[in-house]
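In the form predicted on its own, a lone chain appears below as structure tokens.
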Amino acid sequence: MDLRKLRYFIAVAEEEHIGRAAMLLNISQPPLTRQIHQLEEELGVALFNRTPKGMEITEAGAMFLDEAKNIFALVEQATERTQRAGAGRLGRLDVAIFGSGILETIPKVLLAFRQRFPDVKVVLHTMDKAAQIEALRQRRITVGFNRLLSPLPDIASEVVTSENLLLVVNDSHPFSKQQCVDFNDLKAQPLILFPNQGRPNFIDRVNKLCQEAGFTPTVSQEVNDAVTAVALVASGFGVCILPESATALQLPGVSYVPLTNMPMDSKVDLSCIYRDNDKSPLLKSFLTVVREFKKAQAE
């Protein structure tokens, strides 16, 4: 049974006349009559009673008419969904996220994408840098977000935003009363660093900044994420350098203070990473949103 026969059947059933159905379908009556006969033979039931006035649908034909219309509705729906998927407007997008990146920029990008493509299901996966790269290569995710990425031949990277560094201190610390803190004044301060995995990482960046300033940092703790780091600052374990987006962590007992006299470019990039050979419409749609977000941030 093919869809053409179903379409012919529906036309005859709705018009209740072979001649009118043939005109509607833009075909002659004999081939239409043959198609209806063949359909009845396939099904093994009479779909119509032939009368002098036309074609009177049988009880079995009436039931089949409902099913035929349902089939066409499903075909149209499948066609539309396939076209939308081909245009990057439908499907599932697996996105890897990490630590401090989820505090501001990534949610804004994901919200902009969802508003533009509401029928795409976005599934988030928390992964460190190494896990993201492995998952990309294994096609378990489509995109990831991370910082301080080393160039890889099969992984493409686009900077989404660049953030300034700030110092987070306990409210009882003298630095909390200052408008800004000279980076060199951190020489004697116990530093809480993060993350303690996925090298090279933000810890390496802070260590390099300290070396450029001419001192070796005094490390109080190395922890896995920004939330733990800020919580330790609130408990009095030390101070912490972190990207500006981490100010979204408004824990009681801490203050965020700008740093001055940085020994080198102190901004840190947040990048979107994906397979270099991925030409999927969904990825194209997502990167369009990422690039528009970046452009809006620069204005």
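For every residue, the number given is its place in the sequence shown, counted from 1. These figures come from a predicted structure and were not determined experimentally.
Keep in mind that the form predicted in complex with the DNA is missing from the display, and what follows is about it.
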*Looking in the model of the complex, any heavy atom of P30 within 4.5 Å of the DNA?*
yes
*asked:* Using a 4.5 angstroms cut-off on non-hydrogen atoms, would M55 count as touching the DNA in the model of the complex?
replied: yes
*Using a 4.5 Å heavy atom cut-off, state whether K294 contacts the DNA in the model of the complex.*
no
*Is V290 close enough to touch the DNA in the model of the complex, meaning at least one heavy atom pair within 4.5 Å?*
no
*Where does the DNA sit in the model of the complex: which of 65-73, 245-253, 22-30, 262-270, heavy atoms within 4.5 Å?*
22-30
